[in-house]
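Given next, in structure tokens, is a single chain: the form predicted on its own.
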């Protein structure tokens, strides 16, 4: 019989997602600071709003998508639930619900990190210092996840932490790969930008994958190979394939070691995504079809999140029509408050 409450499983799942979301948003903003360096166009930040589909919410908060407003919206605007400050605050709220289950080291590290993020000065959020600030955010997330991996007890809590971490990471990697499309949508880049080698080099560095890529491809940076590396390489911790493999392993752990048989639909969803990746790996025009592929990944991850929610967190059952997605080949041509025990 599982001893883990649904609300605790959900809290640890979302705590991990918020850690990863904070780090990944820091990566996106750092990518923009690198891309914008030396350019005089202050309106080159609008693509970040398009990337996260936040046009409506942003328009309500700020009149113009210039550098100052976009930085403020995603770094320190607490009314934006996707901002870095909001994400790390949500991580701490979920951790508070888990307080008896967390080590003192993990709790202290999270409080220190949260206080540091909320203490950022206007100077630290200025464009000229933003790269250093984003690096501090990434390092704080590294420390937080490291403390969790070294101190979190490996009962049923552990698979839910890893599921949240890698589901969010897969989503954020697909968004990182969609940066060029978002830039095209806002007029910052053209179709020819798909082959901008400098851009893809910056993207690799944003994913902390530059040196790993050069070990596999030492001679040059090929945009097609960069995309394939970040999607399909099973040895890269930030690749979509790696994330799916880890989620598959955690779901199997819940089924095999803890007898949580309700994990079946989620396992089938992950298997379908893995098969979809295998299909996409044979697409010779993957770079041109990258936006459609990323849409498929993000939509599939939303459905996987729903499957996990229905199985373990008390989410309402979805209608049958909402769980059907086209495969990549076809494309290219609230947290609940349940206090029941984790469903078996």
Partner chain sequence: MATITALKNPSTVAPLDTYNAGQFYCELLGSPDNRNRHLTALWHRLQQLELLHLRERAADAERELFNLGITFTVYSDRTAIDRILPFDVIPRVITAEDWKTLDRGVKQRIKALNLFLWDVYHDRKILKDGLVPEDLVLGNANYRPEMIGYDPPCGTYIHIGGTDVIRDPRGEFFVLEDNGRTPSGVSYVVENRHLMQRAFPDLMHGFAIESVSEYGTQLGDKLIECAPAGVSEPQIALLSPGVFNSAYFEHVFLAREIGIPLVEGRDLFVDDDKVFMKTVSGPKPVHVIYRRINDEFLDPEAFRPDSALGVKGLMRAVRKGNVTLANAVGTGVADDKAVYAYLPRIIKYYLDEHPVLPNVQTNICREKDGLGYTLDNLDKLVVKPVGESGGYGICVGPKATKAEIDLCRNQLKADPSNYISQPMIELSVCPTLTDQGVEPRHVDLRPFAVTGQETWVLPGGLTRVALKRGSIIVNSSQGGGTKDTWVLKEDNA
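Every value quoted in this text rests on a predicted model; they were computed, and no experiment measured them. Residue numbers count along the first chain shown, from 1.
Just so it is clear, the following notes concern the form predicted in complex with the partner chain, a form of the same protein that is not shown.
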(message) Looking at 91-99, 220-228, 163-171, 234-242, which stretch has residues with any non-hydrogen atom within 4.5 Å of the partner chain in the predicted complex?
(response) 91-99
(request) Check each of 260, 177, 250, 273 and return the one that places a heavy atom within 4.5 angstroms of the partner chain in the predicted complex. (result) 260
(message) With a cut-off of 4.5 Å between heavy atoms, is residue 158 one of the residues that contacts the partner chain in the predicted complex?
(response) no
(message) I'd like to know if residue 108 sits close to the partner chain in the predicted complex, meaning any non-hydrogen atom pair within 4.5 angstroms.
(response) yes
(message) in the predicted complex, does residue 79 come within 4.5 Å of the partner chain, counting heavy atoms only?
(response) yes
(message) Given that the partner chain is not shown alongside this chain, does residue 15 nevertheless sit within 4.5 Å of it in the predicted complex, heavy atom to heavy atom?
(response) no
(message) At 4.5 Å, heavy atom to heavy atom, what parts of 112-136 sit next to the partner chain in the predicted complex? List them in sequence order, or say none.
(response) 112, 115
